[in-house]
Structure formats: C-alpha cells, structure tokens
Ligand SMILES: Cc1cc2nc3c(=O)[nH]c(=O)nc-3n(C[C@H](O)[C@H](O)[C@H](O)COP(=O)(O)OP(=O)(O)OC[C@H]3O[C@@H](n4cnc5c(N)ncnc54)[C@H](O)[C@@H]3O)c2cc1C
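In structure tokens, one chain follows: the form predicted on its own.
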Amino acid sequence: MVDESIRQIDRLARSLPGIPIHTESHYRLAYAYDATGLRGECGGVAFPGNLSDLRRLVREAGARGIPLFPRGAGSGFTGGSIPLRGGLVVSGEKLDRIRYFDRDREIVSVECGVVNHALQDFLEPLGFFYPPDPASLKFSTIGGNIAENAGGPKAFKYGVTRRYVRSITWVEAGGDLIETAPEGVTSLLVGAEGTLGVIYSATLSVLPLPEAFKTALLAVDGDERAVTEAVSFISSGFCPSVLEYIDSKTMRCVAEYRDLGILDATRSYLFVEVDGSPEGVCEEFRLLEDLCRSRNIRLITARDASERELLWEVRRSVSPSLARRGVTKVNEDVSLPLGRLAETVAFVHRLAGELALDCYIFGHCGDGNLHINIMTDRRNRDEMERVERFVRDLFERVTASGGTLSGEHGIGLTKSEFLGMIFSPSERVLQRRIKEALDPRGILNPGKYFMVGQ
C-alpha cells in the first residue's frame, strides 16, 4: 500500500513543478515520527514555500485523493501529526515569515511555520510579547500551537492560544482560500489538529511587556500538600502570572541534571512569577510572603534578572532531565478542577507504585493542568501493558472527577480510543458531521480526532 502511495505522490510531484516534494526513504523516515516516538507510514513530504504553493498542493492532492498530514515541528506528544496509510506530510517549515506587526492595534501576522521563540525574540525589542509559551517554545511553531490550542506556564493569568487568535488564513480541503476572524467555522480550526483545514497564517494579539517581574520557588514538604497550598493561595486572592508544580521525585531528577545550589531536592516545589506594574508586583508579592510565612513555607526569591533566569532554568530543566530516565516517555497532560488536584496527585503516585512504574508529575497547577510522565521502554512488552493499564485508570479517574483527557497536548492517536469517556455518542456523530462538511473526501489528517470510530 505504501509503495503505491509513493508512486501516486511521485506523480503528484511531477504535476506540481516548483513545489519540493520528496519520497526518498530518509525523508519518509524522518517525518514518520513526532515526539511520542510512534512511527507512522509516510509516503512523502511536501515543502510549500508560499500561499500559492500551499493552495495548489491541497487542491491537486485532494483531486487525487491523497491524504494530507499538516505538520509543524513534530513536537506533539499525542501523534497528531503522524502520517498514516502512506500519506503526504505537508511541512510548514518553509512558511516561516513574520508578515507584519501593527503596534497601534497590538497585532502581529505570521506564517504557520514561525517558531514561537522566534516570534518572542522579534517582539521583545519592540516592547511586546505573545503570552502562549509552551515548554516547546524554542522549536514548536505557531501553526502547531494553533492546531493544539497550546498553553504554557503563563496560561493561568493570560490564557491559551485561542484567546490570541484574531484571524486565520487557511486552505480548505478543495484548495479554496478562507481568511476570517475566529468566529463560526474558523474557530473550529483552533485545537482541531489539522483535521478541518490547512493553516497558512494567523493574525495574533500581542501585549505590551510587563514593567516588572518577581520570581520565586516555594519549597513545600509533601507532594499533595504542595498542590493543596497552590490552590489555597489562589483562594486567598493571590494572582500570579505563573504557578507551576514540580513534585519531589521530579526535582530529584532535575538535581541530577543540573546543580541546584541551595535548593533541597527532597522537597516538592511551586514555581511562581508575578508580573505587572512595579506597584502591583510589590503588592502581590507581599501577599505571597505573608501566605508563606503563615504556612511555614520556604520562599526562595530571585533578587535580579540573572537569578530570575536561573529559577526559570530549573523549570525548563524538567523535561530534559526526565529524558535521561528512560528510553520512552509517556506524557499525559490531564486537566482537572483545582479542588481535585491533590487527591489526583495522591492517586497517581499510588497507582504507579502498585504497577511498579517510574512516574513523575509537574505542570501548570494554576489552571489545573498536570503533566504525568511515565519513563519506560517501549520494547518492554510487560511494562508497556502496565503503562496502558495506568493510562486507562488515570483517564477514568480524571473524567470521573470532572476533568479532561488533555489540557494542551491534544488527542491525536494516543488518546483517541478514550474519547468516549468525555463525549456522548450524539456528540461524536455531530463531530463527524462537521468533519464531513469541511472535508468530505477525508483527506485532511485522516484517522485523527473527528474521524475516529468511522
């Protein structure tokens, strides 16, 4: 089947001179994966360099019935961009231009392949920033962020990607161009994982850089207590821009990865940042100091910009430090009501112990988003069976607690079988009707999300 797909894509390439389309084995291998480590079936990779290329590619592939798999940086943790059935990957990496910036309207327009961090670097000298900043910001693209509705540490105060999308320019399955504000049909593209349209560019809201910052780590005895204290801080009126949780086991892993200096790696930590006007930051931070004093929580405060960067490096070191603990990382990003976080942390550690799994928890506890990581080895069949049981039990617990399967990583392939836990049969039928209306031939990222169960 893949061989026939390759031949079909080669014929497509000959009909589209000027658009690089590759079916060589090294391209098909490299683009068959994403960050999950799962391997799909890739028949070829296309690199459109402008809007005209993208429209021609989608129109001609659609006419030939060739399935298309839009791809940003391939940094997703659910297999959302993995090609299936020998389909054609549509890479956005050449669509990496910042089109314009309008200071007065506080907007920026970018092509889908612009890397999040590159956008931040562009905006900072101009006195602005783009709030959604996922941990993958140094390599994930804006198109991928929109497809997954990415969040990040600042989501507690500033919200996720959807809040900042002013308009999207996208190509529908027949090759027609649509450019509208995020209302009606266009709003469906945010978080749809490339199943409804191929994003070319987006106009995004940006914000003036805060005048002041205050950053700190809070050392807390006990994993559940750390999450409980975070929720109580919010209930007390504390409103930081960042409120992150790092459990004690994860912090020990970070300590092995880098020198933590005065930090006690046996404790759990909350990573906190406050931003805004100098007066507002001082007032907010005084509240934090009072809360920590009354609860006997150690507060480690950055005294200047260099120390602030050091504390951020501790947070950014979590993912690379975990990568040293296992061949395969199973990363689930469940989202829960704040009042259910502590009991879920306790449940996860208990379940991992029962199943003899190496488990680490961190995440954006301010908005209820926990990243639960099992470090394992996909080649170990017995252990992977226990991992599969862990994931199912976790999702059952989370959904029974009023939570969701994902906070920002999407559904992709890895969570598709669990959609019945959060959607009724009638809701799934409605989703499939939306997919059929926008992509009647089913060529856009087939086998993902909307198409599951057909």
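Note that residue numbering follows the sequence shown and begins at 1. Computed from a predicted structure; not experimentally measured.
Note that the form predicted together with the named molecule isn't included here; everything after this is about it.
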item	value
Interface residue in the predicted complex among S75, T301, T186, S205, criterion: non-hydrogen atom within 4.5 angstroms of the named molecule	S75
The named molecule in the predicted complex: contacted by all of C112, A150 and S319, heavy atom 4.5 Å	yes
Contact of Y158 with the named molecule in the predicted complex (heavy atom, 4.5 Å)	no
Non-hydrogen atom contact P70 with the named molecule in the predicted complex at 4.5 angstroms	yes
4.5 Å heavy atom contact, T250 to the named molecule in the predicted complex	no
4.5 angstroms heavy atom contact with the named molecule in the predicted complex for C365	no
Location of the named molecule contact in the predicted complex, chosen stretch of 150 to 158, 221 to 229, 302 to 310, 206 to 214 [non-hydrogen atom, 4.5 Å]	150 to 158
Members of 111 to 139 lying within 4.5 angstroms of the named molecule, judged by heavy atom, in the predicted complex	C112, P134, A135, S136, F139
